[in-house]
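Below, in structure tokens: the form predicted alone, a single chain.
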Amino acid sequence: MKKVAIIGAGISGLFIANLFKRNPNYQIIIYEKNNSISLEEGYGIQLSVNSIKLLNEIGFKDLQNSEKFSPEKINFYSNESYNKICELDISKFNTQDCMYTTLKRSSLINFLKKDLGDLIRTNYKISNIDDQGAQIKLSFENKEIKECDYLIISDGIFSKSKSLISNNKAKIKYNNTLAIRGILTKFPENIDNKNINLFLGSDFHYVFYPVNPTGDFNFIAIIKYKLSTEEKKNYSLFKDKSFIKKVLEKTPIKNKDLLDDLKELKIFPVFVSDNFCKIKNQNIQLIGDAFFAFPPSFAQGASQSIESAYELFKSIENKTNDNFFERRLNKTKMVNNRSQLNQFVFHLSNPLTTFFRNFFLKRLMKNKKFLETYLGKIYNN
């Protein structure tokens, strides 16, 4: 029986643990640095059909309908005028069992961890990784040492494990944007409350959508914002009331009541991966944000975490994990390019360029060939 150690109990780590749990040839343990698994009630996520298909293999389709929602389209609006630009029918990519889904992150985490029980070890902070012997040796700050045959690193964009194994060569960078996140308590009038609503503005965009049928709405805005080197390192800054007030005052949202009505409002800097990290030892692999973190403008973070976990599981199970990196690299580059392009297009400010953007959006959202290329290549596994 092969021993598999998973560092990080996020979406990708928990999902791949569920996959390994079904195979009696593997013994798995998840090591989480925190005292408990984080459950942020207000944090909504979007899951496209590529990830729903994979989640259904471990019973996701049986999750209660009260905990998830299936929007049929994305409405595009102008932030300045509130006029609707166009809409995208995302239901075209659905099948009977695999539908574009929104839900609270906590609902997904609870689903993923419910059958893992004591396979999750909390308060395990990694201090060293030694892969020079026949087995991989993990040292933790609590002085415990564990050995494994396979090490899966899924502890997020700020992955300490990744830094240890790459000798701090893995780089991340500030995306020159801040994210404003919260729960929408009052829905705007004359806006579709059954689908995803995306508002495009100058160096700014925001989106809100239902995360269940009972009227809970997730809100997230992305605003271009320069930070000094000192500010990037000062994480307490983003909890400072005066700083939050300053950011909100600069937020060019037309309907300021939206910000006033946000519950559990949080502001945080958006960091993305600056490069790819290929590890020489093929029995050590990265998944999720530890592999690569995208700008949040294509809503593929969670879906790609699930997809990369599934691909790695199949690679290890079929003993082909030596080429997992190259296969994942191609898909990741594709998603990253689209994420960067979306952010650029969403944040256009010149009236002439926004006019042409809106003109082409109206046509492209109805162009079947374009949608199959731009979205179909991502949504279809």
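None of these values were measured; they are calculated from a predicted model. Note that residue numbering begins at 1 and tracks the sequence as displayed.
Heads up, the form predicted together with a small molecule isn't pictured, but that's what we're talking about next.
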{"property": "One stretch from 190-198, 244-252, 85-93, 289-297 that, in the predicted complex, holds residues within 4.5 Å of the small molecule by heavy atom", "result": "289-297"}
{"property": "Check all three, 9, 34 and 268, heavy atom within 4.5 Å of the small molecule in the predicted complex", "result": "yes"}
{"property": "Contact test in the predicted complex: residue 285 vs the small molecule, heavy atoms, 4.5 Å", "result": "no"}
{"property": "Residue 45 within 4.5 Å of the small molecule in the predicted complex, heavy atoms", "result": "yes"}
{"property": "Distance check, residue 208 to the small molecule in the predicted complex, heavy atom within 4.5 Å", "result": "no"}
{"property": "In the predicted complex, residue 98 touching the small molecule (heavy atom, 4.5 Å)", "result": "no"}
{"property": "Contact assignment for the small molecule in the predicted complex, among 165, 179, 184, 119, heavy atom within 4.5 Å", "result": "179"}
{"property": "Among the candidates 136, 74, 302, 258, the residue which, in the predicted complex, approaches the small molecule to within 4.5 Å (heavy atoms)", "result": "302"}
